[in-house]
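The chain below stands alone and is given in structure tokens; this is the form predicted alone.
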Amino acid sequence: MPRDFKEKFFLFGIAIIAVLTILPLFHIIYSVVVEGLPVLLKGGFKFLFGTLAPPGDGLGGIGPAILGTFILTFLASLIGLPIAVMTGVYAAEYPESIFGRLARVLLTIMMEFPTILVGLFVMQILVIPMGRYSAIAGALALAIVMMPYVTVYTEEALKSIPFMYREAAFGLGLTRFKVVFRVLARMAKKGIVTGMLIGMAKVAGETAPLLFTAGGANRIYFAGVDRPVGAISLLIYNLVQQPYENYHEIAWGASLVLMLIFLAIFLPLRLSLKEVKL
């Protein structure tokens, strides 16, 4: 068999596999847009800012769920990002230490850990003692889900910087703190921010941890961090289980809104970051 034919056959096979890999993603996007766009056009601004309609009676709106998603993601980022970034920095700076190796192993496991168990854990330590669901409980659960992704990306981004830049910075008399945060962190900014965005995108669409923590208040707007709060993902989960046609329409519209929120946050920031050429 000629070598040219083998090479072309191999490249053709790789192309087919690549198409099959991304095909489900495009199918999901296509389905959500086709089913959800008519709902958004039909509901208009009321769909984005109104409250949930009664069963079988129109669309209403998903305003509380949209606001709740932003609040939960913001609070989770406020709790989780500083801890995750510092843990990633420590793991990259002290890779042979007991804590560094332990953190790396545990966080890698947590990336694949069933998130519903995180919700049960937070319910035990926060929801039950408080006696009610709350936004802070949901945010804590999402922060725990977020941290492994941010930590691993931060560690890998810092480890990807060639050692000579570290040596040059130390040669100039800089302290370890300045070397890490003024030199290496800036050079690894794209990888670190990518990890943050992936972590935020992950928790923005999470449902399982919120089942036991947030409460899903979809007919009232945010009332405080110690009160139940809605979320788009939780709303979709609840609506698709109902037998009402209008609730199924709302679920499709909410799915499109959630996807647009993710794309509006992730893509511009990811594309605007300039990679440092080493």
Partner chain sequence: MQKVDTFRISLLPFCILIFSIFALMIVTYLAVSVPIFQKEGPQIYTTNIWKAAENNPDEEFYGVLAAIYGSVYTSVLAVLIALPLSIGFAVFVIDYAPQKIKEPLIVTTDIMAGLPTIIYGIWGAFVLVPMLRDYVMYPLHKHLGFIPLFSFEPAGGYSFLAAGVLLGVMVTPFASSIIREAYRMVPFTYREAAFSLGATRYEATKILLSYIKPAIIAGILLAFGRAIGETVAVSLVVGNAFNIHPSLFAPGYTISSLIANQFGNAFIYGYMVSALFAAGFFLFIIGLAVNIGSLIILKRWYSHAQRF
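Positions refer to the first chain, counted from 1. If you're wondering where the values come from, they're calculated on a predicted model, not measured in any experiment. Only the largest set of C-alpha atoms that superpose within 1.5 Å between the two forms is called the rigid core.
We do not show the form predicted together with its partner chain, though everything after this point is about it.
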All of Val33, Leu41 and Phe49 with a heavy atom within 4.5 Å of its partner chain in the predicted complex: no
Ser160, heavy atom within 4.5 angstroms of its partner chain in the predicted complex: no
Considering non-hydrogen atoms and a 4.5 Å limit, does its partner chain approach Tyr153 in the predicted complex? no
Are any of the heavy atoms in Phe26 no more than 4.5 Å from a heavy atom of its partner chain in the predicted complex? yes
I'd like to check something about Ala15: if you look in the predicted complex, is any of its heavy atoms closer than or equal to 4.5 Å to a heavy atom of its partner chain? yes
Of the options Ser134, Thr207, Thr194, Thr73, which one has a non-hydrogen atom that comes within 4.5 Å of its partner chain in the predicted complex? Thr207
Checked 111-142 against its partner chain in the predicted complex; residues with a heavy atom within 4.5 Å, sequence order, are Glu112, Phe113, Pro114, Ile116, Leu117, Val118, Leu120, Phe121, Met123, Gln124, Ile125, Ile128
Inspect the rigid-core superposition and answer whether the C-alpha of Val145 shifts by 2 angstroms or more between this form and the one not shown. no
Residue shift check between this form and the one not shown, rigid core fit, Arg104 Cα at least 2 Å: yes
On a core-based superposition, does Phe26 travel 2 Å or more at its Cα between this form and the one not shown? yes
